[in-house]
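In what follows, one protein chain appears twice in different forms, each by itself as C-alpha cells: structure 1 and structure 2.
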Structure 1
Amino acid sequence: MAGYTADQAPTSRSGPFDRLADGIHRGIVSVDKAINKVIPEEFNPFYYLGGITNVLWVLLVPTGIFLWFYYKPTTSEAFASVDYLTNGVFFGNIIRAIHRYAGDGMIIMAVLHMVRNLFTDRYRGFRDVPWVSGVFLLLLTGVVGLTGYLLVWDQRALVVTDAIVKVLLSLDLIIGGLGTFFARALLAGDSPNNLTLARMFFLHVGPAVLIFFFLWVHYLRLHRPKIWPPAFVTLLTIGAVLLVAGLLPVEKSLPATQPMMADQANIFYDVFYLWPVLLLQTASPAVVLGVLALIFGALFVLPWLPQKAHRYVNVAAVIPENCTGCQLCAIDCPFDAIVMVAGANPDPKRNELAVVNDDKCAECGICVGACPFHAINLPLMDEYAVRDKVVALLQ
C-alpha cells in the first residue's frame, strides 16, 4: 500500500478558481454553522439534500401515475384531458400541483446537492461513480421535466416544441442532416401530430424509469448510504410541497389547438426546466446547444481533470502488528474502503488483516475512531496529535 509522509501534505491552492472554490467552501461551512445554531444539527436540511431529492421523487411517482390514468396523448384530446383532471376530478388540481412543485423542488435540491459536493471537493477519486451517475440523474430529471410541460399541449408547449426543433436543427452545422434527422424523429414528421405526443410521453416515462437504475448506481459505492432524511426533515419537505401546491395552483393557458396569442410574453416558463427556451429568446439555437453541451460535458469530465494540489494524500494506513482482525473498521467505514483479508495477518493466531483500498478511502478518520487497538491511522493526522490538540483547546 502506498505510504504518505508529512512533506507530501497538499499546499494551499492559489489559482483564481481554486481561491473561489475555497471561498465557496468556507461559505458553505459558515451557513451550516449558522443553521446549526438555530436548529439541532441532525435536522439541518443542507446535510440531507440528496435524501430530500429522493423524498420529492417519491412524491412524483404516485402523483404521476394518477395523472397517467386521465391523460390522452393526442393533439386533439391532450389539453382537454389535463383540463378535466384539473377541474373535474376530486382533488385533481391539488395532485397536479403536487406533481408540478415536487418536480421543481427535485431539480433545485439535486443542483444544490451537486454544487455542495463540487465545492467541498467530494467528486474525485473514489466518488467518481456517484458523481457521474448524479450527472446522468440530473440530465434525466431535466428531460422528464421538459417533456412534462409538452404533454399539456397548450400554447406554451407549442413554443417549447418549436424551440427544441430549432436547437436540434442546429446540429446540421456540425454534421449535415443530423439535426434534421433528430427533429423529424422527435416530431414523427415535419410538424407536431399525434405521434409527436406519443413520443413525448415515452420520453417522459422512459427516463423516469431509468432514474431508478441510476439511483441504484449512485449509491452502489457507498457502504451505508443515507438515502432518506430524518423523519422531521421528511415531513417538513412533504409539508412544504403541500403548502405550495395549496397556495399556488398550476397556471392556466390556452390549448395548442387555438390560434397563438399575440402577446406571448404572458406565457409562463418554469425557469428550472425551461431556461434553455428563455435563453433562446436572446441567443441563437447553436449557442443554446453549445451551452448545454458545455455544461454537461464539463460535469461528466470533472472527476478526471488535473488538480494542482490533490487533497487525497492522507489515506488511512493499517499497522499490521496491531491489527487483531476484529473487523470494526470495515464495519464502520461508510465508503466500503476496508476489506478483511484472510491469512494476511502477520500473527497466525489472528488470521484476518484489514486492508485499505486507496481509491475508496475518503480520509474521514472514522476507521481510526472505530479501532480500539490503534491499528489504523491517518499518516498526516496522527490520532495522538489530534487528541493533544483537542485537549489543549479545551483547557
Structure 2
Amino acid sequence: MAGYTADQAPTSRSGPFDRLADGIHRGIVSVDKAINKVIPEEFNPFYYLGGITNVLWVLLVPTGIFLWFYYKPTTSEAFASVDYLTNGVFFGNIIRAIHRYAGDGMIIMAVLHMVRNLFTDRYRGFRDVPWVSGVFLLLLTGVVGLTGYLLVWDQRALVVTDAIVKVLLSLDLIIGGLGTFFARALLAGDSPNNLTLARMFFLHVGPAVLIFFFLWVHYLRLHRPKIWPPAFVTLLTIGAVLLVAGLLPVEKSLPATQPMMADQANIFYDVFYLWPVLLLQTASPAVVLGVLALIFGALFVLPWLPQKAHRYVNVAAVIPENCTGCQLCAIDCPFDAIVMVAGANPDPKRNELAVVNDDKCAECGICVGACPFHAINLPLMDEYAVRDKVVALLQ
C-alpha cells in the first residue's frame, strides 16, 4: 500500500534532543495518569494549561482596571496611592493580592503550557504560528509583570529600575549609544523622575493590550480552541487564586522616597518575574542580557531548528468530482483547514466544494474519516489502499 516511507513518517525522530524529549514526554504522561486516577480525565487540569492561563488573564484585567482607578503614576504620589488602595479601600488589599497572584499564576501556567507542548512535540510543523505567538505572549507577560512591580514605586522598584537600566546600558557594548538611548527613553531622563512612572504605566498597560492581539493569533489555527477549561477547572483556578490572595496579603514595603533600607537582602523578589534581577546580583548585566536574548531567541527559532520537516508531505486532497459539499469534513477538521468554497463544485447542482488550506493542514486525516462520499484523502494513505490493507491483513 502507499504508506509512509521512513523519511516521511512524522514520528521518525532520533537524536539527543528527541531522546530527551521522549523521556520528558513519558514523565508528563505519568503525571497525567496519576491525576486521572484521582479525578476524571475530562477535568485533568494538565489538559487545560492554556485555558487556565487564560482564566488567570481574565482575572487580571478587571482587577487591574480596579487598581487603575486609584493609581497615580507619579513618583511622588504612586506609593501613597497604592498604600491607600491597599489599606483604605474596601477589599482593596484582596483585589491587589488577586492581581499579584493571578499574575504569578499566569506566567507559571504559561511556562507549563509551553513545556508540555514542547515535549509532547506540539510546537513545530503546522503548529509554528501558535508557538511563535505563544513566545510573544510569554515575552509580553514578562514585560507586563516586570513593569507591574515598578508601578508600586517602593524600594524594590528602585532596585529593579536600576537593574533594568544596567542591563539596557550593556547594550552599548554591541551598538554604542543604543543602550543609553533605551535607558533614557525608559526613564524619560537620566534618572527616575516624575515622568518615569507614566512611561512604566504605559509599558504595563500597552503590552497587556497587545496580549489580546497575540491571543487572537494564538487561536487562529484552531477550529475549537480550548479557550475555557471546564467549569470545574475554572472554579478550581479562581478558588486557588482567591485562597492565596486571602491567606497571603501582598508584602509591606518601604516607599522609594525614603532612604534605602540598610539591609537590602530583606527586599522580597518574585522569582517568577524578577529572576533576572536576582541573577544580576551574581552576574554582570551583559550576561543577564545574553541569557534573556538566548532564551527568547532559541524559543523563537525552535520550530525551524534543523529537524525532519514533516509538513506538506501528506496534506489532505479533495477529489472534486466526488465532493457533494456536505461540509462534514470542514466541521470536523480541528485546525480549520477546510474552507467550503461556494460555486466551485464541478457539478453545478452541488454548490459548495471543500478546499484544503495547505498551510493549516496538520495531515491528521480526521477529514477522511468524516467524508461519507470518498471525496477526501491523505495522498500517502489512500483510503482504498488502507481498506485493501485491512483485507490483506486478515487473509
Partner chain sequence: MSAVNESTGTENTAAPAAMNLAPNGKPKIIGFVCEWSLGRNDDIHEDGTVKGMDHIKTLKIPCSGFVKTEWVTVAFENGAQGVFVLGCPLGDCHFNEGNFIINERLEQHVGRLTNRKILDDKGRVAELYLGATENGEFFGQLEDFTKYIAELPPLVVQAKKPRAVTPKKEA
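Note that this is a predicted model, so its numbers are computed, not measured. Here, rigid core means the biggest group of C-alpha atoms that superpose within 1.5 Å across both forms. Numbers follow structure 1, counted from its first residue as 1.
Student: Does structure 1 or structure 2 depict the form predicted in complex with its partner chain?
Tutor: It is the second structure (the form predicted in complex with its partner chain) rather than the first.
Student: Comparing between structure 1 and structure 2 on the rigid core, is the C-alpha shift at residue 321 2 Å or larger?
Tutor: Moves: yes, 2 Å or greater.
Student: After superposition on the rigid core, does the Cα atom of residue 362 shift by at least 2 Å between structure 1 and structure 2?
Tutor: It does, since the residue 362 C-alpha is displaced 2 Å or more between structure 1 and structure 2 after the core fit.
Student: On a core-based superposition, does residue 49 travel 2 Å or more at its Cα between structure 1 and structure 2?
Tutor: No, the C-alpha moves less than 2 Å.
Student: Rigid core superposed: how many angstrom does the CA of residue 330 shift between structure 1 and structure 2?
Tutor: Its C-alpha position differs by 2.9 Å.
Student: Would you look up how far the C-alpha of residue 371 moves between structure 1 and structure 2 when the rigid core is overlaid, in angstrom?
Tutor: Rounded to one decimal, the shift is 4.9 Å.
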